Structures are given as structure tokens and as C-alpha cells.
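Shown below, as C-alpha cells, is a lone chain in the form predicted alone; questions about how it binds or moves come after it.
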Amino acid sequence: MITTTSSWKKLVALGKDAQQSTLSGLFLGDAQRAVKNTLHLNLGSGSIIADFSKQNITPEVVDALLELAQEASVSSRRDAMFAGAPINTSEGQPALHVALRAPSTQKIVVDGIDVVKEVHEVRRSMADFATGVRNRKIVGATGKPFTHIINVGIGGSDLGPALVWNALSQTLKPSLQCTFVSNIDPVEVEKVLEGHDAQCTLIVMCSKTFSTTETLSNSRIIQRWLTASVGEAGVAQHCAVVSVEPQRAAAAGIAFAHSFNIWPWVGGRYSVSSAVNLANVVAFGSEAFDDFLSGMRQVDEHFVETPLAKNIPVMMGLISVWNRSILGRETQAVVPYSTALSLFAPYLQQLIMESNGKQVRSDNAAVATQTSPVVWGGIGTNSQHAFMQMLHQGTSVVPVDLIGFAKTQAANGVAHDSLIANMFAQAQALAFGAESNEPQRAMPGNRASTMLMASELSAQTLGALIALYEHSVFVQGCVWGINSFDQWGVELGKQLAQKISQQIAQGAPSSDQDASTSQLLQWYLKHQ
């Protein structure tokens, strides 16, 4: 158990010391603090820096955290993941999202199959399909070219592609317009369909198993909508399926002419580098997807090859453990200073909380410490006029990840300068605060933040940012001893919803239903 190790005991003692120190004092005591606590990642055509100097860490804390990483076997577990070992122990399979962006020269064998070879075959199929749609050789049932894409999915099958679309459509010109449907609420899908011409719309349906209620419901609604415009025989020509087993979509009554494989060892929240991103491959072209994967791959290589002390995702993960488990900070805010990353916080909510929101270790014993923080956030400078007040003067200390970009493609560079000035100022104010004779104006400071700066927002840097957080989550899971790649807490709600749906269809709750749910069901049925 990690809490019995010498490094953990050191960190607990250092955590008590941290309550007596301040960031202002730490900076005054070390003129090189910023340099020493800033790590660099060269992406070739771009770069990223991670400034941890405004976290409540000292050299002693960093040393103890690195010792903790050794005692948690982070390096060997990382190597096992990259080799395709079945590290997802509860499901008995690998967690091989890294294979999705591996170079074609690499070989990772799972059950006698070179999965990298399979991945590149799917990537070629995606590129060919995207080219066909973009050059109008693949068209709709009435011969009209596709101008719009509706992506149907939920969880990672929605959050990932939607994030990439929002981000890249700010910097690249798409050939087709993308819209995303996820919620089972019929109002959402019906509103989306109102704004589309069925004869010019391509539907991408993403589901690992095609057993997800939301995706099946929305897919059926959309296929009925297509039928009304192109006829039942023409529906398939407008539909592409992304799944582990496309035949399950057919068995569920979904018509499609195009299908692209994913694999059981790709978790939904880690699937953005797979065919789940098909809509964006079509919209922006396969070269943009290649650049996106290149950024992820370079972070993968950094994660594997860089010593732990200089390893950005390792330090991100260890500092998150320090904040959550040692200092007891229950939440983490993510604030990108870029409208293009407005969906980054929701994306990270799933990545972090679904991965590490666990109270049982991989060995089935209870965890002995706090695990995942509650992740939330928004974009700057909007956040400054919303929740930043609480971060500066509230009673809870909330570590913040601030994300920005040096270059902008906007014409108004002065406004971008002001945007970044605000980001730097927020980090400064959080760390150092301000004294005042009036208590209500005083800022206590000593509020932790990490600054992630990329040279510019591109497909490559977007992929790199996502991969940094993916591996950070893995490091945290290693320390806590939990399986970051299952999500049994998600499954129970699905099962119960199916039972309740049957009772709604029958017009009455079952006799074994709990009193509260029974009452709510009866009220709902009465007021429908």
C-alpha cells in the first residue's frame, strides 16, 4: 500500500510544513525557482512549457514525489502499458491508446496480432474515405455532395471529436461543417436536424458496442429523418459506423454503407486518436489528423524517454497527487485562455474523473487516501467575471491549470496580448495576492497554479496537450494503485435506466421499486 511507504510518510510531513510557507516566501528564497520548476517539450514545429513554480512545492517535496513515483513503479507500469500488457485488470485487456498514434515501424503484439499494423490499415481507410467525401466522389443517395456531418455518440465518442472540432475550426478551414449530438433528450437531436438538409448530410455514428441507449436512440431518430428525404434504400449511403463490432449496429437496425474499426482495448475517454475522430478527419483532411497524432506521439515518446524529474506528464500527475491526497484539495480548475478550448474542461472531466474516481484499488482493497479531484473550469477571461472571485478570496484552495498560446491567427494581435496579460496576471494574483488596510480588499495569495504555454494552437499542439493529461492521469492511477481504465460506476446507472424504461413503457412502477423512485415514476406518468 502506497501510504505505508517512506516517501508517502515524508510527503505527509512536508504537507504539514507547506501550511506554514507561502509562495511569496519560496520565490524570495530562491531566485532560480521559476527556471528550476519549468519543463520544456520540443514538438519540432512547436513547443510547450510547463511552469510548476507557482505550485506549493519545494525541492524536498519534488524529491519525495519522485521517490513516490519509484515506489509506485510508475516507470515499469508505463512500460507495461506501451508493451500491450493487460493492465486493465478488471477487464483483462490492455489499455493501448498509445498504439493509435504509434509509427508504422513500431510493433505491438496482442494475442499474436500486430495491433499497430491494424491501426494503420484503419487510418488508410479513413484517409481514403475522407478524400472521397472531400473531392465529392463519395456522395449522398440523391447524388448531392455532403456539406454537413452529424456526429452521433456520447462520452468519449462525443467529447473528444467535439473538442477537436471546436479547437481546429478556429484555426483551420473545414471542408464540411460538423454538428454533434449526444444527449438522449430528443429536443437536442430534433433541433439539430431542423438545420440540416438530409440529402447533403453525412452521419457518423460512434459506439464501441452499439448497446449505448443514447447513441441508439439518436441514430434511429436520424435514420427515420433520412428515410423521409432519401428513401429507406438510400439511408445507408449517408451513414458511417465506428465500432468494435459494426455488425452489432446492423443487428440493432442501423443501416450504414461505411464502417471503421476500433478495438476493445481503446477506452472511450482515450479514443480521440482513433476512428472515433472520423468526422474531423473528413472535415479537416487526413493531414490535419496526422498532425494531431504526431503531437500525441511526441508526448508518448517524451513520457517514455525523459527522466522522471524532467518529464512533464509525470510531474503533472505527481503534483496532482500532492494537491489532492496530501494537501487535501478537493477540486481542480482548468482555465484555457482560448475560446477554441471551451470544451477542454468538460473533456478533462471525463478523462480524469471517470479514470480515477475510484475507491477500490486494482487488488480489490479499499484505497487509503483521497483519489480523483472534482474537475471543473471555463475559459479566460470569462472565468475572471464568474468564479475567479472564489479562487482568490474563497475559503477553499483550488489548484488551477492555466493554458495559453503565444501566437494567434487572429488579425487583432493587441487583443491577444491583452488576453495573455490577463492569464499571467491571474496566476500572479493567485500566487502572491495583495495586502490592503481594508480586509475585504485583501488577497491572501498562496493559491497554487500550473501554467501550460504552447507556441500556438494547432492540430499538433492540441494532440500534445491531450496526451499530457492522459499520461498524467495514468501516473496518478499508479500512485493510488487503482485501475484507471475501467468505469464500472457508469454501468450501474445504465442497467437501472433500462429497468425503469420498461416500467415507464408498462405504465406503472414494479412492486420491488424503492419508494422514492416509485413515487417519482407515478408522478411522471400522471403528468406526461
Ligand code: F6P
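Predicted, not measured: the structure shown is a model, and the values here were computed from it. Numbers follow the displayed sequence, beginning with 1.
Keep in mind that the form predicted in complex with this ligand is missing from the display, and what follows is about it.
Using a 4.5 angstroms limit between non-hydrogen atoms, Gln487 touches this ligand in the model of the complex.
This ligand in the model of the complex is approached by Ser207, whose closest heavy atom lies within 4.5 angstroms of it. With a 4.5 Å cutoff on heavy atoms, Pro313 does not count as touching this ligand in the model of the complex; it lies far away. Under a 4.5 angstroms non-hydrogen atom cutoff, this ligand in the model of the complex has Gly156 among its neighbouring residues. For a residue to qualify, one of its non-hydrogen atoms must sit within 4.5 Å of this ligand in the model of the complex; all three of Thr212, Gly268 and Gln350 qualify. Interface residue among Asp300, Asp401, Glu354, Asp291, judged by heavy atoms within 4.5 Å of this ligand in the model of the complex: Glu354. Note that among 322-330, 232-240, 337-345, 148-156, the stretch whose heavy atoms approach this ligand to within 4.5 Å in the model of the complex is 148-156.
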